[in-house]
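Below, in structure tokens: the form predicted alone, a single chain.
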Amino acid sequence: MRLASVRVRAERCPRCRGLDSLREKMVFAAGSPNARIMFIGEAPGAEEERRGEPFVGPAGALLDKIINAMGLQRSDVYISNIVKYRPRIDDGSRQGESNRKPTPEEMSASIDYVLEEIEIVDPDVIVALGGTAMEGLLGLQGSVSSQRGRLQEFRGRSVLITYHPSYLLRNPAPSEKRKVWEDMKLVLAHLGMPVPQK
């Protein structure tokens, strides 16, 4: 019920609605409100906007594979984004499948809802997927590669920064996939959960 309340307020968000740079349809979150692991990504893309659910496009399909490799299902974790609305390109009428990185102002407009989600779900580990989640949540600049591979602390919770699935789609080298898998093994070990030998 508390998450439902956050969802309603996010949908009415005056700061978000006041930004002409964001599109109109809100995409909130998915998964279990009792999850031990919370994944936070960037912003909805075209498929997410169509279906009203985060991570359901190509990057979402890869995230599902990662979650399954961990011995979990999508319904076992909680999935959200730093920005609840798809960033607009030009006037939005010819945007099609094109997406762009959210601006700091757009991240700032949605962050309070994300922080409320964290407080309600109360995950043991937050996985920040990509540089935008790293910046929007932790205020960190720089490369993901310089921050990944270790657990950090955020508001009394463990946070792990790793590559966004879309990065792996653009850079499908086994070495890059291996880095993400090493990060997920670190999460599982921290939680005392079985680590599949993938």
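One-based numbering along the sequence shown. Predicted model only: the values in this text are computed from it and were never measured.
There is another form of the same protein, the form predicted in complex with a small molecule; it is not shown, and what comes next is about it.
Contact between residue 39 and the small molecule in the predicted complex is not found at the 4.5 Å heavy atom cutoff. At the 4.5 Å threshold, heavy atoms of residue 136 stay clear of the small molecule in the predicted complex, well away from it. With a 4.5 Å cutoff on heavy atoms, residue 45 counts as touching the small molecule in the predicted complex. The small molecule is not shown here, and in the predicted complex it never comes within 4.5 Å of any heavy atom of residue 131. Contact with the small molecule in the predicted complex, judged as any non-hydrogen atom within 4.5 angstroms, is confined among 168 to 176, 154 to 162, 138 to 146, 47 to 55 to 47 to 55.
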